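Only one chain is shown below, in structure tokens, and it's the form predicted on its own.
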């Protein structure tokens, strides 16, 4: 298991390096945006461009970039959005709202999604199961930004329960801020709930029809006891790694949802960097989302071995 984890980590680092190199070269191939002639930061940015080797081959530029990141954690300066400010400083300012909104979303979607999946499995082939399964397929098929518009129209515009956009400021845990986050949390939650519901129902339905469940019932356990002690434990071997992946993946946020609800997070920063051609900000956002996806995949793979000792990851037998 340890060897497998080390090998997967090394592969992850290699993939991250390759993706970063490709994005870096493609971005540097784009024409540089013009700098305002009278801005006090223009001269500083031009000197930075020379220091970063903008007139040198791309691989040499990438080496200079990596040296700055690993030795000083220097991701460069913003050239368009926040002229002259360090990219890392801007990014750290935008990270909290992205984390908080997505954390609120995942904390309530996990129990709701798993609970609905368990209910559908226990009431298989009844109207409850058919209703939950149909709604699950419909919800999964619809993009999250559609739910965002529906939430805004129903709960924010018609019922006026919540504000249309997120409250400004940095009081992340105040009641007013929490209330303004609820529409975005709802829009992010539908797809996750449906995903957990579908997975839980499929796994639990299969486990409930297994031979060992029949043996447990013949030994005197009631259906409820057999389900809790044996069925749920076995189906969670598949469900729990997905939960770990979701907890890691919350940092990724949602580009479109953040834009719709005016959340001042990483997603909005990334879209703004693309529109304004702020390449330094965009390369850091790209590296961030790439790292989040790779780490989530790694955590899911490794967690299987810890959850079920019978699994031997990377074993030849």
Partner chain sequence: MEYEKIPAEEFRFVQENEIIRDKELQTKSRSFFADALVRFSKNKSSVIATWILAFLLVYALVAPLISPYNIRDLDTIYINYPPFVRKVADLGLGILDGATSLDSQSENAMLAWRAIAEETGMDPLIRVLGTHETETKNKGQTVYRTTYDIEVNSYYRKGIIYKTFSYSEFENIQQWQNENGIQVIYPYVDTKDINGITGRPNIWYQVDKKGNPVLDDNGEFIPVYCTNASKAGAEYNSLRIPSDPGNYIYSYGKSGSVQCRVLYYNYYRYVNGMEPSYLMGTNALGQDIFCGIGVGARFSIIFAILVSSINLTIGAVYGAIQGYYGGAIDMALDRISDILSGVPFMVVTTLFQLHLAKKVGIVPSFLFAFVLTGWIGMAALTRKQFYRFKGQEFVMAARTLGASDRRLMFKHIFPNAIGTIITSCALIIPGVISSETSMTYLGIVDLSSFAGTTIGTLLSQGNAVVTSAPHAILYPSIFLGLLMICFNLFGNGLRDAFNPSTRGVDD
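The model shown is predicted, which means the values in this text are computed figures rather than measured ones. Residue numbers count along the first chain shown, from 1.
Note that the form predicted in complex with its partner chain isn't included here; everything after this is about it.
Enquirer: Out of 184-192, 140-148, 115-123, 230-238, where are the residues with a heavy atom within 4.5 Å of its partner chain in the predicted bound form?
Expert: That would be 140-148.
Enquirer: Though its partner chain is not shown, can you say which of 73, 130, 153, 212 has a heavy atom within 4.5 Å of it in the predicted bound form?
Expert: When its partner chain is considered in the predicted bound form, the option within 4.5 Å is 153.
Enquirer: Even though its partner chain is not shown here, does it sit in the predicted bound form so that 100, 109 and 176 each have a heavy atom within 4.5 Å?
Expert: Not one of the three qualifies.
Enquirer: Would you classify residue 61 as touching its partner chain in the predicted bound form, given a 4.5 Å non-hydrogen atom cut-off?
Expert: Result no; residue 61 lies far from its partner chain in the predicted bound form.
Enquirer: Taking heavy atoms only, is residue 88 within 4.5 angstroms of its partner chain in the predicted bound form?
Expert: It does not: once its partner chain is placed as it appears in the predicted bound form, residue 88 has no heavy atom within 4.5 Å of it.
Enquirer: At the 4.5 Å heavy atom threshold, is residue 66 in contact with its partner chain in the predicted bound form?
Expert: Close contact is absent here: in the predicted bound form, residue 66 is far from its partner chain, nothing within 4.5 Å, heavy atoms only.
Enquirer: When the contact criterion is heavy atoms within 4.5 Å, does residue 259 count as touching its partner chain in the predicted bound form?
Expert: Residue 259 belongs to the contact set for its partner chain.
Enquirer: Going by its partner chain in the predicted bound form, which residues of 259-276 come within 4.5 Å of it through any heavy atom?
Expert: Result: 259, 260, 270, 271, 274, 275.
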